[in-house]
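The chain below stands alone and is given in structure tokens; this is the form predicted alone.
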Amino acid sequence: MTTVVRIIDLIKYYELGSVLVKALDGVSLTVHEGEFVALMGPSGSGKSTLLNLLGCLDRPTYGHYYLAGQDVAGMPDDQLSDIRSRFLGFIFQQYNLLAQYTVVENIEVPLLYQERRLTEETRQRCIELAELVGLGQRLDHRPMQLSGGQQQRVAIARALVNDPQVILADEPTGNLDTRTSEEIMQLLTRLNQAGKTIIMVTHENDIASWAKRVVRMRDGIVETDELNTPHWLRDGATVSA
């Protein structure tokens, strides 16, 4: 299997006044192409810090991080920005949509950050992504006209616009009710079945049960790392389209 993410002895310290906080204390982890990994752990376990490092939004104090074979741990900001735009897609708990933009325009945002020229071709791709996540009838709606689940669907489509190798999801169902959470997890599962690698932070066991692998963290280290049979496979069900 192709390795897309590999971290070796990752350490992250923060200085809070005179106190040195060890957010990560020597974490090693390998993620292969097509995996669906859930990162779990109590508050302060280091899971969010790890996701930020995997997303090249922060740098480790020590250690190595290989993304698609490149050691990105010590790269300067401009290179990290390029790596993020080419290899990673982000889904956040708070959606982070622009209120004045339509569904299609929000999906286009990562292309603007890349300073790519928006063309009829790029617009059509964004429309196709909106249709993929079930928003084909909402193309001109703005975030305030959408439900929480629909806003998260926009965020998922936005994460896909650059065709990333890895999707990083930070509590993607944290603001959603049970039924909508299941719809979002079905969508993420379909994307994983289509070949996308997904690394997801969650504190909910029922959400983690959708993943193929569950990594539990505590006090800045990996406590357990176990393969998991997604609940819908155990139940003999299918993921609805």
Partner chain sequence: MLLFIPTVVVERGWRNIVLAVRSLWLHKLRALLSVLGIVIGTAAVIALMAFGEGSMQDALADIERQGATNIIVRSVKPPDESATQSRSFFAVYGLTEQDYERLHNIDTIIRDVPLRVFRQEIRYLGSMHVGRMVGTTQHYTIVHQTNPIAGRFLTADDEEFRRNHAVLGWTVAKQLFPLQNPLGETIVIGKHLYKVVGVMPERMPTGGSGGSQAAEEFNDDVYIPLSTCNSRVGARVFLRQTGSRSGEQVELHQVTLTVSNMDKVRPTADVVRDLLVRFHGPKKDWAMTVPLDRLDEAKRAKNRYKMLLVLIASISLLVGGIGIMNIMLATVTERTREIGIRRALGAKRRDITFQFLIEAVVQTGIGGILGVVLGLGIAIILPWLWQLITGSHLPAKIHEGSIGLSLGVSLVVGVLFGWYPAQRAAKLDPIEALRHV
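Under this definition, the rigid core comprises the largest set of C-alpha atoms superposing within 1.5 Å between the forms. Positions refer to the first chain, counted from 1. Note that this is a predicted model, so its numbers are computed, not measured.
Absent from the display: the form predicted in complex with the partner chain. The rest refers to it.
> With the partner chain left out of view, which of 121, 71, 163, 77 would have a heavy atom within 4.5 Å of it in the predicted complex?
Partner contact (heavy atom, 4.5 Å) among the options: 77.
> Sort through 199-207, 185-193, 30-38, 50-58 and report the only stretch with a non-hydrogen atom within 4.5 Å of the partner chain in the predicted complex.
Correct option: 50-58.
> Any chance 105, 112 and 116 all have a heavy atom within 4.5 Å of the partner chain in the predicted complex?
Every listed residue reaches the partner chain in the predicted complex, so yes.
> Using a 4.5 Å heavy atom cut-off, state whether residue 94 contacts the partner chain in the predicted complex.
So residue 94 counts as contacting the partner chain.
> Within 4.5 Å, heavy atoms only: does residue 82 come near the partner chain in the predicted complex?
Yes, residue 82 sits close enough to the partner chain in the predicted complex that at least one of its heavy atoms falls within 4.5 Å.
> With a cut-off of 4.5 Å between heavy atoms, is residue 100 one of the residues that contacts the partner chain in the predicted complex?
Heavy-atom contact with the partner chain at 4.5 Å: present for residue 100.
> Answer yes if any heavy atom of residue 158 is within 4.5 Å of a heavy atom of the partner chain in the predicted complex; otherwise answer no.
Residue 158: yes, in contact with the partner chain in the predicted complex.
> Taking the partner chain in the predicted complex, which residues along 3-22 bring a heavy atom to within 4.5 Å of it?
Residues within 4.5 Å: none in this stretch.
> Once the core is aligned, please say if the CA of residue 116 is shifted by at least 2 angstroms between the shown form and the other one.
Yes, residue 116 moves 2 Å or more.
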